[in-house]
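Shown below, as structure tokens, is a lone chain in the form predicted on its own; questions about how it binds or moves come after it.
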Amino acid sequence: MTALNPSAPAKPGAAPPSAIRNLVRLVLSEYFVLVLCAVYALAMGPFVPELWSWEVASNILSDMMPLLIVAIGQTFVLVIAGIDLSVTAIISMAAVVGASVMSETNGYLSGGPLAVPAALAAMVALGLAIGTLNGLAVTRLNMPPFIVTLATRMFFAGSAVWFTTFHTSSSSIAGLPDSFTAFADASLLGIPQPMILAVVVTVVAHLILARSRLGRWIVAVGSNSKAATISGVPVARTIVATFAISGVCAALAAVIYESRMQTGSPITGENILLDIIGAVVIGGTSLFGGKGKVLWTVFGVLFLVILDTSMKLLGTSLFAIYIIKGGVILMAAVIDTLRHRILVTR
């Protein structure tokens, strides 16, 4: 058997080893998705020049805000190697509960000065309660997060429909106060209020995950829960905290969605589960746990929204968009698997 000679010339047509190393380094880089966004936008420019217009760019940012908030919550759960499928049901349930409190037609606090604040508090409290319930079921009953959150998703999605029919004869709870519906279009110092909310959530989440003791616990649990237990990390409390954070983020996203729709609908978040999980995975948060950043999720949401917007501008059918999104998410999962194998074998 002949020994391999590192200095031997490469075969004709073969990629140089340095080029391969640079490509691998780029794929493994935490800014890979941001580069991908720029490359994709440049590539689509000749086909959909509207993509570079200020109007479309502002729509992309607007579409990003609620999706980013709920995806950030999902990031915390994925970092501990879990998953939260109930976030869409939390959005729907929070929307109808909030509407039932502040509706000017048949709301519990209809016309009162505390109607909107109480509705917001009820929405956040509901998200916190469902998230905590998920976490307790995972830790106390030792159930897989997939099964727990799938069950709560079905339960609360159905509960949202029942709750709506209990409060009104129509398909949604209407008559929301102008002070609430104006939130989606209002601005502060020229900055849209939904964007301010999303930025605040992003900054707080980054500080928690990257700078706090809880963040270190979350990464430790996701990397190796047994080793984290031996090291004194409160694993059960950490897991519950991540699901609680996910529930609160879903409720905050429901505020933006409901304000835009100007009604409390039990199907508010029904069709965005693929986008939520896909954005986090595309961003680079590992499905194997122990690795993830809020900034990565920002990049993932940006890419997914740009992809979705460009496909719609091209007139692509809905089922084709789902196929394309599914393929992109599958590719991201494959890249994550390769990253994990490379890191394990190092």
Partner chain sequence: MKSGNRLALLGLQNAPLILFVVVLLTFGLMSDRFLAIANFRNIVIQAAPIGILAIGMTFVLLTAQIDLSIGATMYLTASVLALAFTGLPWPVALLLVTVLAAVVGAINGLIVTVLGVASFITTLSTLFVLRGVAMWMSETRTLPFPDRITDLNRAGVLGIPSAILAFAAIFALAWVVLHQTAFGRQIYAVGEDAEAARKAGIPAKRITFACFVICALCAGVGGFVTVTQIGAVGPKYGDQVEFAAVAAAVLGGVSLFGGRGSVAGTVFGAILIKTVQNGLNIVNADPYIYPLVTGSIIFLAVAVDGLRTRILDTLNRRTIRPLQAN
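Positions refer to the first chain, counted from 1. Because the structure is predicted, anything quoted here is derived from the model rather than measured.
Below, we refer to the form predicted in complex with the partner chain, which is not included among the displayed structures.
Residue-level contacts in the predicted bound form: of M65, V294, V33, V281, one residue has a heavy atom within 4.5 Å of the partner chain, and it is V281. The listed set A241, V201, V116, I83 contains one residue whose heavy atoms approach the partner chain in the predicted bound form to within 4.5 Å, identified as I83. Checking 281 to 289, 34 to 42, 65 to 73, 49 to 57 against the partner chain in the predicted bound form, the stretch whose residues place heavy atoms within 4.5 Å of it is 281 to 289. Looking at L141, you'd find a heavy atom of it within 4.5 angstroms of the partner chain in the predicted bound form. With a 4.5 Å cutoff on heavy atoms, A182 does not count as touching the partner chain in the predicted bound form; it lies far away.
Shown alone here, W162 lies within 4.5 Å of the partner chain in the predicted bound form, counting heavy atoms only. In the predicted bound form, the partner chain sits within 4.5 Å of a heavy atom belonging to R153.
Against the partner chain in the predicted bound form, the set L274, I323 and L330 is in full contact: each member has a heavy atom within 4.5 Å.
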